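One chain comes next, on its own, written out as C-alpha cells in the form predicted on its own.
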C-alpha cells in the first residue's frame, strides 16, 4: 500500500507541474501581458511604453525562468524603476528591498497581488475557497445520501414500477441545467408576487410572502435555511441524477450475480442480501463518481454562484479570467489542479479498500 501511494503521489506531482506550466504559458501570452500593462498603466500606452513596463516588471523574461520564479525555486527578478528604486515580484509596495526575501513563489506561500481586487491573492483564495467549501459540504450532505438511496431502491428490483419511477426522476434532474432549475426555484419559492409564496402566506403557513430568499449573499456571513437552501438544492439535484443512475446500474448488475442467487435460494432475507452482500460491491463504481463531484463542485458551480449572487471560488474564477487578473487566475488554477489530483488519489485508495481483488493483484 505504501509503494502504491508513493507512485500515485509522484504521478500527481509530475501531472501538477505539467498542468500548471500549461496554464502559466497560456496566461503569459503577449496579448494578455499587453492588456495587463495597459490596465495597470495607461490604455493609451504606445507599444514601446508597453514593452518598457513589461520589462521593468519582469514579464519579458524567458518563460521557464518566469515559471521557476513563480514556483519559488529561483530568486525573484529585480529591476530599477524610473526613480532608480529597486522593484520586483519579491518587493511589494512599501517594502524595503534590503529586507525583501530572494525567493517568493508558491512554495514560499506567496501567490502574488490581485490587480482587480487590490488584495493579496492568498487572502482572496482562502476567503472564496472557504465560502465554496461551505456550499460544497451542504450539497454533498444532501446529494450523496439521496442519490445512493434512489439508486439502491431502483436497482434492487430492476424493471419494477419503483425502478421506472425513480429512474425517470434521476434522468429528469440530470437533464435539467442549473440555470433552469435555479430560475424555477426562485420564481416558485422566492418570489413575493408569484409562485407558492403568496398562497402559503394566505393559508397562514409562512409569516412572509416567500418561504426562501432568491439571493444567497447573506449566506456568505450567516447561512440560514431560508437564504442557503435554494442554491444547495439547485446544485444537489443536478448532480444527484448521475450518481443515482450509476448506483442503480451497479446495483442491478450485482443483484444478478451468482452469489446473490445462491443466498436467495438458501432463504436469506432479501433485506440482509441487499445490506450485507450486494451493497458493498454495488458502491465500488459510484464511489469514483462521488469523488469526481468534488472538483466539479469547486469550479462547476459558477452558474449557481452567479445566479444566487454567492461570491465563492467559481465566481472568483470568472472574475479573474474576464479581467485578465493573471496572478489570481494562476492561483485558482493551482488550487483546482490540486483538488482534482487529491480526489483522484483518494478514489484510488478507496478502490483498494472496497474491492479486495485489486488488493490481491
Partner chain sequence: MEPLTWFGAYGSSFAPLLLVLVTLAITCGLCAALLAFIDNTPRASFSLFNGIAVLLLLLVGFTYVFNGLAGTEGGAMPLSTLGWMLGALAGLAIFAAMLAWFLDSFFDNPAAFMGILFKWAIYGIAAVAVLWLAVTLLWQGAAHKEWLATFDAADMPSAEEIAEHERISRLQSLGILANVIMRFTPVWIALVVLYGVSIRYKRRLGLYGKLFDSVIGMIGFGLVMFWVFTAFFVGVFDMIATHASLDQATGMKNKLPGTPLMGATPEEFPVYLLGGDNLARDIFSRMVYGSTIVIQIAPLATLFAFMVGITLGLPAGYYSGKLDTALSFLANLILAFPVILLFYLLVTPEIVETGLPQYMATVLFLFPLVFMGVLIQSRFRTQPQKNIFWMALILIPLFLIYAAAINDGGSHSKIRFWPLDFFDIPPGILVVFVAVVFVNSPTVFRIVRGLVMDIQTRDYVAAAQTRGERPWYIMLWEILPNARGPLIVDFCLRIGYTTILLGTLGFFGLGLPPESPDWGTTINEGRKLLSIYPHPALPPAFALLSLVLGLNLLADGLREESLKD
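The structure displayed is predicted, hence computed values, not measured ones. Positions refer to the first chain, counted from 1. Throughout, rigid core stands for the largest set of C-alpha atoms superposing within 1.5 Å between the two forms.
The form predicted in complex with its partner chain is left out here; the points below concern that form.
Taking its partner chain in the predicted complex, would 108, 147 and 220 all count as contacting it (heavy atom within 4.5 Å)? Not a single residue of the candidate spot has a heavy atom within 4.5 Å of its partner chain in the predicted complex.
Would residue 177 count as touching its partner chain in the predicted complex under a 4.5 Å heavy atom rule? Judged by the heavy-atom cut-off of 4.5 Å, residue 177 is in contact with its partner chain in the predicted complex.
Does its partner chain get within 4.5 angstroms of any non-hydrogen atom of residue 60 in the predicted complex? Looking in the predicted complex, residue contacts with its partner chain do not include residue 60, since no heavy atom lies within 4.5 Å.
Verify the contact flag for residue 259: yes if a non-hydrogen atom of it lies within 4.5 Å of a non-hydrogen atom of its partner chain in the predicted complex, no if not. Heavy-atom contact with its partner chain at 4.5 Å: absent for residue 259.
Just checking whether residue 321 would be counted as a contact of its partner chain in the predicted complex - the rule being heavy atoms within 4.5 angstroms. Contact with its partner chain, yes.
Can you tell me which of 169 to 177, 225 to 233, 108 to 116, 277 to 285 lies within 4.5 Å of its partner chain in the predicted complex, counting heavy atoms only? Result for this chain: 169 to 177.
Name the residue from 268, 74, 184, 133 that puts a heavy atom within 4.5 Å of its partner chain in the predicted complex. Filtering the options by heavy-atom distance leaves 184.
Contact assignment for its partner chain in the predicted complex, among 254, 153, 100, 129, heavy atom within 4.5 Å: Of 254, 153, 100, 129, the residue with a heavy atom within 4.5 Å of its partner chain in the predicted complex is 153.
Can you list, in sequence order, the residues from 18 to 34 that come within 4.5 Å of its partner chain in the predicted complex, counting heavy atoms only? Sequence-ordered list: 18, 19, 22, 23, 26, 27, 29, 31, 32.
Using a superposition on the rigid core, decide whether the Cα position of residue 297 changes by 2 angstroms or more between the shown form and the other one. Yes, the C-alpha moves 2 Å or more.
After fitting the core, residue 307 CA displacement of 2 Å or more between the shown form and the other one: Result for residue 307: no, shift under 2 Å.
Given a core-based superposition, decide whether the C-alpha of residue 328 shifts by 2 Å or more between the shown form and the other one. The answer is no, as the C-alpha of residue 328 shifts between the shown form and the other one by less than 2 Å after core alignment.
How does the CA gap of residue 125 and residue 299 change in the predicted complex versus this form, closer or farther, if it moves 3 angstroms or more? Relative to the displayed form, residue 125 and residue 299 move farther apart in the predicted complex - a change of at least 3 Å between their C-alphas.
Can you tell whether residue 299 sits closer to or farther from residue 182 in the predicted complex than it does here, judged by CA atoms, where the change is 3 Å or more? It is closer: the C-alpha separation of residue 299 and residue 182 falls by at least 3 Å in the predicted complex.
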